[in-house]
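Two forms, one protein chain; structure tokens for each follow separately as structure 1 and structure 2.
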Structure 1
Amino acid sequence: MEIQDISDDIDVKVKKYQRGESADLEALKDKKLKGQLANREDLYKKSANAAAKAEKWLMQTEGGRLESEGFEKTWRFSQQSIAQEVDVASRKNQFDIVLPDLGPYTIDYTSSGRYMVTAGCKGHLAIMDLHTMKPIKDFQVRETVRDVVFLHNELFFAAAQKKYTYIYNNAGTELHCLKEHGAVLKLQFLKNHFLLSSINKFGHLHYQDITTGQMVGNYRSGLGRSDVLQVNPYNSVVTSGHSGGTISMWKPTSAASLVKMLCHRGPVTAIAFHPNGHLMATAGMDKKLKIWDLRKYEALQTLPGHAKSLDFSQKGLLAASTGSFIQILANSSDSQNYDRYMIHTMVKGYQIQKSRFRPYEDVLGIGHSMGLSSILVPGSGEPNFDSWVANPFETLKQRREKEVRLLLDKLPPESIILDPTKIGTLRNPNKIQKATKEEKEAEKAAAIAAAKSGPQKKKTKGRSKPSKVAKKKQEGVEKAKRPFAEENKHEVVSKKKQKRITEANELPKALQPFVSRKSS
């Protein structure tokens, strides 16, 4: 029985690592290709098996959850009761830091979950090592700080301040002042692409490459001020929420939004993405919290309630906070539907600014008006960390090596597309867009203008007579016009051909060959 279970388990994992079925090789006529592909498939299978086994034996820790017995409801468990049950190391993660003066705090974690950066609205910036529970640096910038994010590691972070965005290092030294971003309301860091994206007061979206400092994209959202910006970890598409109840998804290489969705009837207040990239949660002023399937762009679930901050954990729990109240939603193992899993209430009057799950820990960090809090949410974090991806116990050397590796693996900004699995596949032939008539005309006009105003060579005596110059100019203009005329001709010809074909199609089959070219 046990063995059966294990083999089933492994089968599931093997399937996961095979990443889909192979194509039907029997249908192939090319024997050589068939042989080659069969070879590859064998290798893939082997690799998947090995990976599944490695996962089985090396990643033994499993995530747990609160489980209730009988009448009990999981959301009835308070933090105190949880604290009594857990080990000392975990209890250490329950804490409150009271910082009453510098206003609502916003927080961010590094991808390993070891370091936390917090920013008080009134200019307090601090980095903390959560293993030792010691602040690494704590300083004041004496102006409004609206958002803060870590860059690729704990050494650098960006803070959106009153006028500009600044990049600091972990010693609190200002490294860069990003003036072009304007007065940024929300920052996001795209860690695979090394892009810092921001949305400012005027709804302008900026993408800046932090390795080269180059401004990759600078686009108007055209939908007014927004302080909701979230990156989808699956495809690095950045999503902004707007006052019209719409959200729009952006990539750094196009000025038009990829997708625009009407999610709420009031302004959108928060967006969060599931780590697998298929689920999105949005909250609006219309007192609704919606969970969307991004593959179909349909709402899976609509829940009541406000939310000022939303966050998905690594294991897919959803934290929604509003006022001084936090609700954690979870989907049961058998269904997709999210329902209430835990609740937590702060002291009345505390305004929660931001709640974020800490990676690789069952912890939810909360930034609020009176400082910082951290509560335990069993089953939220990924229990097994991959030191190639993020290592909470990273040494100095490892960090350095990882930085180099990350830089080598940096992806170009154009690789951000809605469906990243499309990279390397065959392009859809009917997607090739033709320039519209206006565009063509504009192009033609530009070409002619260029030909007219182009630099005239000063030639020797007699060669630059006005008549000759004029003639040459005219020739240039004609030359510039020619390709467009040719294009037109092609079009005309193709139209004629099409007409003939359609005519031919209208006739009965037997008569089709007799349609003459000249008749049309």
Structure 2
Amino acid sequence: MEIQDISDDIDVKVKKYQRGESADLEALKDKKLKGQLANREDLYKKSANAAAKAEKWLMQTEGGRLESEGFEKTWRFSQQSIAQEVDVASRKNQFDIVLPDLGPYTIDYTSSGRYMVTAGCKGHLAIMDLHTMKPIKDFQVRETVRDVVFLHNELFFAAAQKKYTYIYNNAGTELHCLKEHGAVLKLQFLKNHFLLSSINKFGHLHYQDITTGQMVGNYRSGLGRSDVLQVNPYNSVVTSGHSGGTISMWKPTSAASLVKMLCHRGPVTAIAFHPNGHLMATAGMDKKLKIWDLRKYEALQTLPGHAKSLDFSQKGLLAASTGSFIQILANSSDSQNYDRYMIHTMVKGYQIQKSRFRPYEDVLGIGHSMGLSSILVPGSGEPNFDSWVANPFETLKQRREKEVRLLLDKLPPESIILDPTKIGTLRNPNKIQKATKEEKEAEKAAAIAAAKSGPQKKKTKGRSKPSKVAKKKQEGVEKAKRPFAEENKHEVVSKKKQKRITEANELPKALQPFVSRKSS
């Protein structure tokens, strides 16, 4: 009986990984094509079975989810009712820390979700171990802090302060002062490239390599002040939102933006990316929340509402917060449209600054004007962690080995492109490559030699005299030279035309119509 249950469970999981119904190959008459498609269908079945078995035996922890019965709605469940149904370990993740004199607060998590760094607008910085619920270090920098972000691990973090950006260690010691960034409003860290990205109050975008200290890129956005900056986890492209309703996508090796999109009819207030990198959520002052498909650059869904902070969870839930209200949106299995999943209202007067999902936990962290809060969101976190990627229980030795491995696997800034699958493929020739002068001369000489040494047809008496043969060879040489002469003539004409256009452009605009069109 147990074997039958396991087999049924695997069959259910196989359906999740299948690529739709198999093609009807009986109607095909081409035997070669039929065989190729049959082999591909077998490969798809084997990969679906392997993925289902891996999920069954290696990922034994299943994610939770709020489920309603009858006329119940999941968004009507309160945090008190959820806390009564979860275990003690999950219940301790629900907390409130009241710090009314130092807010509003912004937060960030490490990739493993174990450590949290917080920054109060009035200079309070702190690191907390969320497993033991004890602070590692908190200190006061005595000036405005606008943003904070962890670097490659919990030992280092960067804080955007009043005039400059500073890098601290977990003991609160100042390690570096990054004066070239200026008065930064937002920070982002590109973990695969070890690049610290920032945008300051003048709209300047900076990329700095934290391993060498080299400034990789320093570009003007040209769209004014911006305090919205987010990195796409799929391709490491940084996206900034602007007051004109546009967003711009950047890479560190290009002074011009890769993509510029008009998303809203008002200033953009928040941007978030789905973990798969193909969906983007934007919010604007036009009181609209939009979901975009980045493969086609078109809006999939438009929802009413305003959001100051947006964030996607590992499982694809979307948290949108404004004022003292948070709503979590989820897409159902049978539809790609996002709908309301949960809501949470803070104490009246609390103004939310930033909300972030905690990795590998069903938790949403909230930084607001009166301190810090953490609420439970069932189904938001990935239940199975890969210790090779992010290990919440890693030891000191494992952390050191991981740091060395990450530095060895560090990617160069040139590898940041919109479609990373193109890396390693051949580029299609967009333009016909013109041959060089030496190549043209060699080709011309080869054509002349072929014309001279070509076999001559034997003709009747009197028509194959040496003079006639020499004349025929000379005609063949002239015929071989003719295409090259015509090509040179076209090049000379185009150069003269370009020269005439350049001379005409140098004249005053009023005299340009009187320039002679005859080639000089």
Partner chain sequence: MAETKRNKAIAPAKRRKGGKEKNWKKGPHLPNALKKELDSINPTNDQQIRSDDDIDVYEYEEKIPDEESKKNRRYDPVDNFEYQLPKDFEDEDVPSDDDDEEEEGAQKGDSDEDDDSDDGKHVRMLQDITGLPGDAFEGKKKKKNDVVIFEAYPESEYNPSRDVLDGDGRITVDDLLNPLHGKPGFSKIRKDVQRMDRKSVSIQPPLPKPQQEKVDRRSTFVYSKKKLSEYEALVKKNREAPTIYFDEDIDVGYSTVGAIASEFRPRTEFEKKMDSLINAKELSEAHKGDGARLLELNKISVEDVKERQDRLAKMRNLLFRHELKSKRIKHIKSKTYRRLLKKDKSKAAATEIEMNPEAAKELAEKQEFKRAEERLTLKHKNTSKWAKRIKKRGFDVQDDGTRAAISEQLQQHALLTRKRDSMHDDSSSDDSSEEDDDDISGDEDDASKLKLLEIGKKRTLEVLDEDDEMPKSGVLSLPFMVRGQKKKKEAADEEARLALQEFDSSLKQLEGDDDVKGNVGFLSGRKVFGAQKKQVPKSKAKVNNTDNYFDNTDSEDDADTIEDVDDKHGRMNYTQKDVNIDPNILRDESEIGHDSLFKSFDDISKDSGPKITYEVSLSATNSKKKKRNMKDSNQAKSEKKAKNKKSQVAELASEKDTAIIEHGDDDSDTDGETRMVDGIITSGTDYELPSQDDLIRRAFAGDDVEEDFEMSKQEIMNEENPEPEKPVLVPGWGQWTHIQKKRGLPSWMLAEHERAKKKRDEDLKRRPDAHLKHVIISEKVDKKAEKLQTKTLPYPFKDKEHFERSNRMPLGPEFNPATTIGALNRPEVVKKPGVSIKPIKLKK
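Between two forms, the rigid core is the largest collection of C-alphas that superpose within 1.5 Å. When a residue number appears, read it as a position in the sequence of structure 1, where counting begins at 1. What you are looking at is a predicted structure, and each value in this text was computed from that prediction instead of being measured.
Participant: Can you tell which of the two structures I gave is the form predicted alone?
Facilitator: That would be structure 2.
Participant: Hey, does Q36 budge by 2 Å or more at the Cα between the two structures once the core is superposed?
Facilitator: Q36 C-alpha, core-superposed: shift of 2 Å or more.
Participant: State yes or no: after fitting on the rigid core, is the Cα displacement of S47 between the two structures at least 2 Å?
Facilitator: For S47, whose C-alpha is compared between the two structures after core superposition, the shift is 2 Å or more.
Participant: Can a Cα shift of no less than 2 Å be assigned to S68 between the two structures, given superposition on the rigid core?
Facilitator: Stays below the 2 Å threshold, so no.
Participant: So, with the core fitted, how far does K479 move at its Cα between the two structures, in angstrom?
Facilitator: Rounded to one decimal, the shift is 33.6 Å.
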